[in-house]
Each structure stands twice: as structure tokens, then as C-alpha cells.
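As C-alpha cells, one chain now follows by itself in the form predicted alone.
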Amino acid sequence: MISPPPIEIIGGGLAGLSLGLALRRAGVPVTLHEAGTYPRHRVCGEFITGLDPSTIERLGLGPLLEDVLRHHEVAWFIHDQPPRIQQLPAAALGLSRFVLDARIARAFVAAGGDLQTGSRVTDLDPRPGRIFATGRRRGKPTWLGLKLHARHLELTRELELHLGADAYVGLAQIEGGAVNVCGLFRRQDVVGRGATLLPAYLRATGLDRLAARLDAAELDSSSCSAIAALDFDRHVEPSERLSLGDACAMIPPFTGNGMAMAFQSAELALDPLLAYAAGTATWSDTCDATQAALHGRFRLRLASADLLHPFLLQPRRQRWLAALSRARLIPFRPLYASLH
């Protein structure tokens, strides 16, 4: 019996880890290179929306998500207006990346995967059997993502979204009674470092009430994370490289859909890769089939998020959004459906 060809995955985020786990459980040899180590904190909203139970089952994630928190409502804070409460059509899942990534990494190794941590691959040429799950593409140094965990921070609902001047910030309950605070900000001269940087940005963007709430909370300085030069892709581009997760396309974080898209991209690549491993498809066929599936699944979602994004960031459009919200003219459910 001929052994299946080995698969090499560069990048150990959610897409790379979950795909590696599913391939190993199907008997495919997999080596995964990750520049960092586990566990580790990442700039992330840390709540998952739009993840189908079928995807969880296909990737074998069920046992790893058994204890996630389930969020059913989100409170939108638009300027000084009372919060608008949105009922989510399906529960969002709350779990930190610190816990989740490490769980999947352990499961991958237990399934026989070769996990190379602290391994930064410098040769990034595409080749048969090589998959790129290397995270976001670098963009212009316009936007900054900041994240930290806080305790003793009471929420209006399980999820909150606050709009500021060229900024928005999401709060989400995670495990252990903590709250993940994650924001996207237009870069500016702000004085602060570590746990003081995010509150300083809140004040600089007009979110003083939220900053005061953080001042009264217990901030976990070890969780502070930052990421610069963020860019958001409008669509999946054809490429000679097989790219998944944020390396394929990055959706604006207000959707809460980035983590789901990482898992979904792994699921969409699974059958073409299994065909390649079985010798019934060439690598070129595998790349074409995967890219066609990614484009079909994410095209409308990315376009919808791109259309909405300026209304959450630009002060003038935020005022329109606030007026529509007061008049209850924002079609939250159709918007949610288009993003998932």
C-alpha cells in the first residue's frame, strides 16, 4: 500500500491547527510549523459566530468546545445613545485563544501530528503539499488592534460593541469570569504601554465611559496584545498558493466571524486535500478546487462586511447609524444573515 504524500502547514492558528488535526485523523502525515509557542494570547474578539455544528463535527472540534460560553445578545453602544440590544439568531461561542489554540495543538500532537513550535519558515515558495495558514496579510500602517483581559468588569449583555471616533471596541465574556476587551483603532499619538495603552486609546477616541469602567476593573497585564498594519480583504483572490484563514481573506472583526471563517476554510480544504492524499487529484486540481470553494463560501460575506465597515468607524456615518438605530430601522437580522 502506497503511503499518502506528506502535508506541510505553515502557521499554527485556528485554520492550520484544525486542518492538521482533521488530516491526521484521516491518516495523512502532517508537519505544522508555528513561529510561536502555546499557550499564547492573540488580538482577537474571542467570540465565534456563524460556526455550523457540521463544521465542528467534520473537524473533530466537539470535545474541545464542550465548555464554551454561549452568548445570545449583543448591546450596541453608539455615541451617547442608550444601547440597542440585538438578539443573535444563533448563540455565539465564547472562549479565549489562549485556551483554544493550545487545546487544538495538544489534540493535533495526540493524533500523531508533527508540531514544530518556534519554527519560522523563511522559504515561502509554493510547492505541492504546502499550505499557508500564516495569518493576516500586512497592509498600510493605518489601523491598530489592541486586546486585553479584564476581571470584575460587569457587562450590559454577554457581548458589547462600542463605537468611537475612528474606532470600535468589542467586549465578550470568556472562561474563568474574565472579559475580553478588543478594539480596532486608527493609529495616532497616544501615550501608554502595556495595560494602559488600550484605555488611553479609548479616551483618545471618545470612549471615556468605557475607559472608566476599565479603570475600575482588574486588568491582566500578561494578556495585553497589539497588532499593527491591519488590512481587510474584500474578496478571495486566485493564487498559486493554497492559503487558508486570514492568509486567504481577513474579515473586519466586528462581525465576530473571523474565527468561524478560519475553521470553515479548513473544512473547505479538507476534501480536496484528502483526494490529493489518495492520489486521485493533482496538487493543481487541489488548489483550484479549494479556492473555488473558498470564493463561493465567503464572497458575499466579505462584500457585506466591507460595505458595513465604514459605518462603524467614520464619525459622520456613525451618526447616521445612531439615527437609524433610534428609529429602529437597522435590519440587524438580515445583516447578520449576510455576514454568516
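Source: prediction; values computed, not measured. Counting begins at 1, following the sequence as shown.
There is another form of this protein, the form predicted in complex with a small molecule, and it is not shown here; the text below is about that form.
- Note on contacts: among R42, H309, R58, H295, the single residue with a heavy atom within 4.5 Å of the small molecule in the predicted complex is R42.
- Residue-level contacts in the predicted complex: of V179, M259, L198, V169, one residue has a heavy atom within 4.5 Å of the small molecule, and it is M259.
- Picking from 66-74, 280-288, 28-36, 296-304 the stretch near the small molecule in the predicted complex, with a 4.5 Å limit on heavy atoms, gives 28-36.
- Contact annotation: I131 falls outside 4.5 Å of the small molecule in the predicted complex, judged by heavy atom distances.
- Using a 4.5 angstroms limit between non-hydrogen atoms, G20 is distant from the small molecule in the predicted complex.
- For the chain shown alone, A266 is not a contact residue for the small molecule in the predicted complex, no non-hydrogen atom being within 4.5 angstroms.
- In the predicted complex, none of the heavy atoms of A110 sits within 4.5 Å of a heavy atom of the small molecule.
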